[in-house]
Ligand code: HEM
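First, one chain by itself in structure tokens, the form predicted on its own.
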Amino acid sequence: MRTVITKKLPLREMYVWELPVRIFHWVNAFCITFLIITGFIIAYPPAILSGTGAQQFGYWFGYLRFTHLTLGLILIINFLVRFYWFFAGNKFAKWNNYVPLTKRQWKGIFETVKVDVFLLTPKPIYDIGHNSLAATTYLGVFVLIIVQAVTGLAMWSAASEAPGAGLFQDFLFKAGGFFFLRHLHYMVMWLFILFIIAHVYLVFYHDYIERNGIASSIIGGWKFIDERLAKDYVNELNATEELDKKKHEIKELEKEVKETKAKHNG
């Protein structure tokens, strides 16, 4: 019988995902799911497929397009809030988690690929927040959201007189026209579908091999972390706070020195 490695590890409960991050995740999940469903119907309207007139379906297709547009706008607003949280959130929500800039992040990517893709080792890679591979993948998802937002708004602008539509109309013509952007928009939708399949599988796979509550953490925010990792994180946090405190004391001291010199010179 195969032994689950993490059962032998002492674990500590830690609050990792803040409420805005969790809201962003579930709003994203809802919007993307129904954008895919409505997008499929818009791409292949039943009236055309069945050879009947669109009038026999009433105005439901117009409502469907309106729903698709509304969900797209909600997705954009949700992304803008998350973009703000890249800078305002805790350590695990910061932007630098998603951009592989360090040697440690690249090593984490290759090590996780060995576990997730090639199954070369049953030993999981432990991280408090996202592992480096997942974080870099989410960076790709953020880029796809931007692509879908821009192409979607450009197609909407073709039949709109709303403020700001002219800007997207200019982009529509410069980018190759309506049909090119429509096909690009449609192909990116399939990338989202592939991501969803891989994402759901890997969440439950890691939940099984790591036993750290990764699936439930996006609901409650708490994960069960290897005590050694948790201790290192707390020590790093304390050291950062101590450093910030000393910097503040130095600034206050420099301010007092300047004020003393100003009084002396006066």
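Residue numbers here begin at 1 and follow the sequence given. Everything numeric here is computed off the predicted structure, so don't read it as measured data.
This protein has a second form, the form predicted in complex with this ligand, left out of what is shown; the following refers to that one.
Enquirer: Would this ligand be touched by all three of Y138, F195 and V200 in the predicted bound form, meaning a heavy atom each within 4.5 Å?
Expert: The answer is yes: all three residues contact the partner (heavy atom, 4.5 Å cut-off).
Enquirer: Based on heavy atom distances of 4.5 Å or less, which listed stretch (177-185, 139-147, 103-111, 156-164) is in contact with this ligand in the predicted bound form?
Expert: Flagged stretch: 139-147.
Enquirer: Considering non-hydrogen atoms and a 4.5 Å limit, does this ligand approach F40 in the predicted bound form?
Expert: No, F40 stays farther than 4.5 Å from this ligand in the predicted bound form.
Enquirer: Y208 versus this ligand, in the predicted bound form: is there a non-hydrogen atom within 4.5 Å?
Expert: No, Y208 is distant from the partner.
Enquirer: Is there any non-hydrogen atom of A134 lying within 4.5 Å of this ligand in the predicted bound form?
Expert: Judged by the heavy-atom cut-off of 4.5 Å, A134 is in contact with this ligand in the predicted bound form.
Enquirer: Consider W222 of the chain shown here, and say whether it contacts this ligand in the predicted bound form, taking contact as heavy atoms within 4.5 Å.
Expert: Although this ligand is absent here, W222 would stay clear of it in the predicted bound form, with no heavy atoms inside 4.5 Å.
Enquirer: Can you name the residues of 11-28 that have a non-hydrogen atom within 4.5 angstroms of this ligand in the predicted bound form?
Expert: The stretch touches the partner through W17, V21, F24, H25, W26, N28.
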